[in-house]
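One chain comes next, on its own, written as structure tokens: the form predicted on its own.
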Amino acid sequence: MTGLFNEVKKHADTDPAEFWAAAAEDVSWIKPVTIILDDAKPPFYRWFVGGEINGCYNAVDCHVEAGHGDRTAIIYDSAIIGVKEFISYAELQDRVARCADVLLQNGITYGDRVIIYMPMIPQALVAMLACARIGAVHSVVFGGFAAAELAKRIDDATPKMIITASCGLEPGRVVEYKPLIDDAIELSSHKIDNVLLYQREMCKAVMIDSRDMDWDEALAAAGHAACVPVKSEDPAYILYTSGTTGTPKGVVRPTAGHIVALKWSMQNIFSCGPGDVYWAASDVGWVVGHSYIVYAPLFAGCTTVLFEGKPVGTPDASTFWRVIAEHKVKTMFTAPTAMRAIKKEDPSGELVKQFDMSHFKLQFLAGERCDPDTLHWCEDILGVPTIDHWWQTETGWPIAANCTGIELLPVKAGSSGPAVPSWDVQVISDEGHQVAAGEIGSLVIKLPMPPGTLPTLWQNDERFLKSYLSSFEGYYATGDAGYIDEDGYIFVMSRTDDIINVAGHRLSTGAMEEVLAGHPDVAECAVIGVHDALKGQVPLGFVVLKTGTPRAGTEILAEIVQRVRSEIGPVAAFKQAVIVGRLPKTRSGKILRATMQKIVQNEDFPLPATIDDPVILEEIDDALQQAGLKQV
């Protein structure tokens, strides 16, 4: 790495406090910071100590006061119902201030928690910003989550209010939220004082007197609440990681670090500034939605696209290109699984040709490992740099990326790019030693981590230490495995649990998936390790074929096995694969490999709380039995 990026990274890595002090000058403070980095009690590091700030002011009010109230803040585009809405910064300020006043009227004050359980509609963003305005701590739960999972989050966060809508929308169906809310409140030990509900036209919820309030009526009668000073270290929000058993981990986001880091990332990583149209195709229930649908674009004065729909089926595989063209999107961010879904339906990329994409500059991918075939496909059909990058719910913003706003570096397919300035990423062996370039091990981050990352878990320091800091002293364990090449590029190959041991050889399932994905007839794939009496574990592949593939499945499977043998070697012991119609995933697009492994090995497992469609598990089971691959 040479040039400007190397200079910025050297500065950030050598003196992170000075680097982030300069970045902090780009946001609006109520009270100046006294200590940039407080390292007095490691591993509990704190950034911007002594300062006071307000997230809503930095996202909305500062732009209005600077004379940009007419600029569009939010473009709401529902591909499901065909509705579009354009909300200016001034209009957003009015709605947020009114919603904040409703919260105050109902006893929500500084530090109180509010659960937000909403679909992808503007009211979700208004609710989040309203909490930030008065110093309340929001905890957004993905709309449609099961009542039992919502109840766990209610009991852990102990909120005073739930803000919700009458329903969410999926292609071809309406998901009623109110019965789920009522059941969750009944199941939880902690009881809710108030429910603020937005009635959508396609489904009217039954209200409970003395507890439930109508959104439109409440906001119409409300005044305008002002922004309140929030201490730098106080939580902006709690976001629960998805847990299949027990209580999910409540990731805490410190207010000031979250503002400074996200605003810095918009310009320096995503190349977006005031007035640019930015689109993260995710959901507000996930960290991508928090960071890059709501907060970061608004901190930077951008126009953010709020999309309600799917990459295919609303109405077809051209939807993403229609949104980019119609709204003049400059930079877009989605998961590789979304692109693979589009590629499956339109392998040659014909649909994109009907749209004017001349203003489109960058395509970002994250959320799971991006195989080289998908990355090259995006580059070829879109004609713009396609940037894989890597981060987590816990980190809040990218760990590794091609920082396009600093310097567009060469893209290496299969890599998330080099570590972002001030992130010290290393690869450690199981014995705790740093490994050589190109050697696979556990990806870890040297402490202290940059601003905006989790300082702890909600009311659970002990679990924070055990979950993230106990494996390697002085390092945050990401739970991901991979390697760093001689140029400093990071290759995230799989979760550490997905490194399989075949006859004493540690092998990455991600490397095998890369080979499978390169087959011209494969749209999507997954590789898992399953028990083998002789070798300990052996790999098993699952492949989804591209739509309209005319060739016989047996022929394709034989070619896949041979490709792995040729490109990775006989040591992989890759001899079996099965064709399936689709892969089981979470609602955020992550493949449920551990669940698939248990199905193969005929083990009991809890139904994953975040699964997109449970029927897929039955389909996987049927496919395995028909192929004779189900273990006894």
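Between two forms, the rigid core is defined as the largest C-alpha subset superposing within 1.5 Å. This structure is a prediction, so every number in the text was calculated from the model and none was measured. Residue numbers run from 1 along the displayed sequence.
What comes next is about the form predicted in complex with a small molecule, which does not appear here.
Trainee: Looking at D77, E524, D156, D283, which has any heavy atom no more than 4.5 Å from the small molecule in the model of the complex?
Mentor: None of the others qualify; the residue that does is D283.
Trainee: Within 4.5 Å of the small molecule in the model of the complex, heavy atoms considered, which of Q123, S508, T334, T374?
Mentor: Contact with the small molecule in the model of the complex is made by T334 alone.
Trainee: Does at least one non-hydrogen atom of R565 fall within 4.5 angstroms of the small molecule in the model of the complex?
Mentor: Residue-level check for R565: yes, a contact with the small molecule.
Trainee: Is V571 close enough to touch the small molecule in the model of the complex, meaning at least one heavy atom pair within 4.5 Å?
Mentor: The answer is yes: V571 has a heavy atom within 4.5 Å of the small molecule.
Trainee: Taking the small molecule as it sits in the model of the complex, is I108 near enough to touch it, meaning that at least one heavy atom pair lies within 4.5 angstroms?
Mentor: No, I108 is distant from the partner.
Trainee: Can you tell me if D212 lies within 4.5 angstroms of the small molecule in the model of the complex, counting non-hydrogen atoms only?
Mentor: D212: no, not in contact with the small molecule in the model of the complex.
Trainee: Name the stretch, out of 549-557, 259-267, 168-176, 346-354, where some heavy atom lies within 4.5 Å of the small molecule in the model of the complex.
Mentor: It is 168-176 that comes within 4.5 Å of the partner.
Trainee: Using the rigid core as the reference frame, would you say V571 shifts its C-alpha by 2 Å or more between this form and the one not shown?
Mentor: After core superposition, the displacement of the V571 C-alpha between this form and the one not shown reaches the 2 Å mark, so yes.
Trainee: G536: with the rigid core matched between this form and the one not shown, does its Cα shift 2 Å or more?
Mentor: Yes; G536 is a residue whose C-alpha shifts (by 2 Å or more) between this form and the one not shown when the cores are overlaid.
Trainee: Tell me whether L375 and Q562 end up closer or farther apart in the model of the complex, going by their C-alpha atoms; the shift is 3 Å or more.
Mentor: Farther is correct, given that in the model of the complex the C-alpha spacing of L375 to Q562 is increased by at least 3 Å.
Trainee: Your call: R369 and D532 CA atoms, closer or farther in the model of the complex versus the shown structure, by 3 Å or more?
Mentor: Their C-alpha distance shrinks by at least 3 Å in the model of the complex.
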